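Okay, here we've got a single chain as structure tokens, the form predicted on its own, with questions on binding and movement later.
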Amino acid sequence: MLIDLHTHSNISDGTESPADLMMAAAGAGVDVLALTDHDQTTGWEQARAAAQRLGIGFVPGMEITCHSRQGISVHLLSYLHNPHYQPLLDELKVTRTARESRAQRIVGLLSEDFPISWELVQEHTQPGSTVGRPHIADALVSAGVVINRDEAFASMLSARSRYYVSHPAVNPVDAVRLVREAGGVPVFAHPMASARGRVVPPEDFEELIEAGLAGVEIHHRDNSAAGRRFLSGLAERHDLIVTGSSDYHGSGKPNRLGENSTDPVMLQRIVSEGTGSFASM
């Protein structure tokens, strides 16, 4: 089975609707797909309905934006949590508000040097979506400033750029606990993606596991080879769930649906542990 447990629709920073994403997955031969939009679950029902029409499995999920104590960006995948669990919703609302304020500040800085405006960025978002740097990148592409998202992130949207603005986000340990309280299964997304920036030190993994971390996304194009070896050893020592995913964003990134897959045994562990919502198989 081809099982892809990390994808994005235009509810967050993908380029396809949840239904179109499911159609693309079916066309790519994917048997089971998870929708994991950033800090949002509003695409679940559209995705589930499309998956049922197309005869593929659907796993509801979300990617939570976190910052460690050291200021390191951490992304936590949550599967099968209760989308109405209020403490988690409250935390996500704070994060989304901070992300939008941050995006507006970045656009303000960029507009001093480039033909970009907040109105142009909004043209590249869907109503209710989480606005972030990918949408700013799309606006820069449409304005002819860069060729694609990758060029934007390698230059003016990178953490080293003078246009960069940080933003507050939930601590990953707290996020793991909230996901567990919501009946979800927390999995650390691309934990050793060193090309994206700093990665958390080994002791942080131990703290996350103690808080309830269920698994690690090992098979991801951005994890370094050394990082994968470290994660494999960690997963074996702690009996963690191991996942493999595409982190597909449509035309926004080169990632291909199904380029990495999750073992069916690992998927069954996720389904067995998740009690806040249900997978359609």
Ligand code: AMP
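Numbering starts at 1 and runs along the sequence shown. Computed from a prediction, not measured in an experiment: that's the story for all the values here.
Not pictured, yet referred to below: the form predicted in complex with this ligand.
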Do all of Arg102, Gly132 and Asp150 end up near this ligand in the predicted complex, with near meaning a heavy atom within 4.5 Å?
yes
Among the candidate stretches 230-238, 24-32, 245-253, 40-48, which one is within 4.5 Å of this ligand in the predicted complex when only heavy atoms are counted?
245-253
Is His75 a contact residue for this ligand in the predicted complex, using a 4.5 Å heavy atom cut-off?
yes
